[in-house]
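A lone chain, given as structure tokens: the form predicted alone.
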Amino acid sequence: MISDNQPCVILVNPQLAVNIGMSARAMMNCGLYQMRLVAPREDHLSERAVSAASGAEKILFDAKVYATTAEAVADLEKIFATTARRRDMIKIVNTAEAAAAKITSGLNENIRCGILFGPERTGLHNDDIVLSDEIIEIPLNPEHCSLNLSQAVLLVGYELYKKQISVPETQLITNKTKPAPKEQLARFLAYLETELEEHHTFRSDEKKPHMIRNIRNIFQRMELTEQDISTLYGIINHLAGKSNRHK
């Protein structure tokens, strides 16, 4: 069951069916399902649109079509308009990230929100922007800030989706092994130092402590797994001409 508690993506006068389909795909990528179309030039249910949706055709079949932007936003309470050009209007201008926070907060208060996206060639007309409460402006290279319609939908949608999920910024994927405990790493480093000593690597007693600290620091910052340690034992033993002993 698709919840009504999500913003409506409103494509105003989209020109190409393929861009409508690609926008539907971008929406589903970001967990958005409510598409509204204002006087599309081409059929949003054409073969080209459905093909471009690439599995997100349900959004196309459920999309609502309106004759005017005013009709498309009539039942909504908060409207954001995306535009790359500052218009001669007094409006609050948000980045996509800032707008996503506001939209999410509004949805949590059961405020019906919509996001306007303009036609590919010209962007939103002033008469459409005036219907909005605030503007979303995506900061891009000033020399070329034009976006494909679906790209704009994806960028704004992604910022919204990030507000709904909790994913660590970085993580170590260990598969079937696990991070090596410090005790195991310490045993390996002691073994490595013994082997280096036996092979007369430390030719200067004065420099030896500094070399050992450098070696230890290299391995300490590598986030080694138990499998990594086992592999390193094998490499050292092979180079030393010994059987593979795991200390």
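Keep in mind the model is a prediction, meaning the values are calculated, not measured. Residue numbers here begin at 1 and follow the sequence given.
The same protein has a further form, the form predicted together with another copy of the chain, not shown here; the description that follows concerns it.
Contact annotation: another copy of the chain lies within 4.5 Å of heavy atoms from the stretch 54-62 in the predicted bound form, the single such stretch among 190-198, 204-212, 54-62, 36-44. The closest heavy atom approach of S132 to another copy of the chain in the predicted bound form falls outside 4.5 Å. When contacts are judged by a 4.5 Å heavy atom cut-off, M22 counts as touching another copy of the chain in the predicted bound form. Contact annotation for P181: none of its heavy atoms lies within 4.5 Å of another copy of the chain in the predicted bound form.
The closest non-hydrogen atom of E159 lies within 4.5 Å of another copy of the chain in the predicted bound form.
Along 11-29, these residues reach a heavy atom to within 4.5 Å of another copy of the chain in the predicted bound form: M22, R25, A26, M28, N29.
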